[in-house]
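Only one chain comes next, encoded as structure tokens, the form predicted alone.
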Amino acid sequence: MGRKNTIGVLGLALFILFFPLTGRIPAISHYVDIMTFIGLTAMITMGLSLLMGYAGQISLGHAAFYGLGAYTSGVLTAKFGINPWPAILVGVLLSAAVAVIVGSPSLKLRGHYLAMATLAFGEIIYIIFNESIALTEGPDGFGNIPHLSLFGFTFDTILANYYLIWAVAILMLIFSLNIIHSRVGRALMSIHGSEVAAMTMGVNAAKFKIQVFVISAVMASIAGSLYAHYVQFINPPVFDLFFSIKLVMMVVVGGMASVWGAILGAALITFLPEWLIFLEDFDILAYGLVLLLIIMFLPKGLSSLTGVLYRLVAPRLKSGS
């Protein structure tokens, strides 16, 4: 994982540990709740970053995997009384199996066929959520999903869920960083650079692309299950196409070739409407302008900001000395 990433993970863990202290400031006391949702979204964007930034594939259906995890956990626990932890595992296995079925035909081909396949897949899953009324209660959704419990402790408060969700998110970050710096990560980067050249060197491009697609689907599924047990209510609009596009936008804004950027992108896109609310009806214009400026002046995303600032400031400091 490297020394820099280890320091970064420790820094993030300390930030997450002490962030709830901001809850004592009345104006931003709700930020802990927002940060909990950022943790959930960051799990999905980290998986997408592996898929987009390292394997060079685009998915427009990750909201569906998020929904599969949420609905599997929700239905099994609220309607069949199954313990939440096995229900989460069932969601993971189901999402992995579906990812193999959806990804195998398209990822064996060169090009962005996965984007089209996942776009259709997302719409099909969204229709199933709406039409399977006996299980999902259709567009109205359903509630009474139990909170998670572990060793007698129930995660039934915002703060408890905040720490649980961010603990899982940090574990996923460590897992992602280890993948990037492993043989699999180097193979994925070679595929992104040139699939033909990678295959010439003996890299099984289809196998690695399917593997990383399954990993990203599983990460989204776990996030969905945690979402269901945190909010205790689910309905289809949360898992629509717009959310899939928003996830892709988060990864692009944060920086596709960086899992750290995936977290930054998730945080910015989630917090931005909150920060621009004072503009009332014009907030959507400012929202678009901010995203446009980031893409224009930081084409490699927010994760490249420190490098850009260093290149701007360093020559002036040297000439000044």
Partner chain sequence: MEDYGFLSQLVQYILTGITLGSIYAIVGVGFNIIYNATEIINFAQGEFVMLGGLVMITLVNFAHLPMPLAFLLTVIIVSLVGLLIERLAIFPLKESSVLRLVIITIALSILIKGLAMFTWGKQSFALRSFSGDTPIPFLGASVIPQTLWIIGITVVLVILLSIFFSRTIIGKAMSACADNPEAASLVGINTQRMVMLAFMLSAALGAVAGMIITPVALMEYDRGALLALKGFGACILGGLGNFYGAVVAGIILGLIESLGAGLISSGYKDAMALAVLLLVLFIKPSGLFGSAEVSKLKKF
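Residue numbers count along the first chain shown, from 1. What you are looking at is a predicted structure, and each value in this text was computed from that prediction instead of being measured.
Omitted here: the form predicted in complex with the partner chain. The next part is about that form.
Of the heavy atoms in residue 147, none are within 4.5 Å of the partner chain in the predicted complex. Contact check for residue 278: every heavy atom lies farther than 4.5 Å from the partner chain in the predicted complex. Interface membership of residue 187, defined by any non-hydrogen atom within 4.5 Å of the partner chain in the predicted complex, is ruled out.
Proximity of residue 26 to the partner chain in the predicted complex falls outside the 4.5 Å heavy atom cutoff. Here the chain stands by itself, but in the predicted complex one stretch of 164-172, 225-233, 74-82, 124-132, 124-132, has heavy atoms within 4.5 Å of the partner chain.
Shown without its partner, this chain lists 238, 248, 177, 205 as candidates; in the predicted complex, only 248 has a non-hydrogen atom within 4.5 angstroms of the partner chain. Residues of 60-82 placing a heavy atom within 4.5 Å of the partner chain in the predicted complex: 60 alone.
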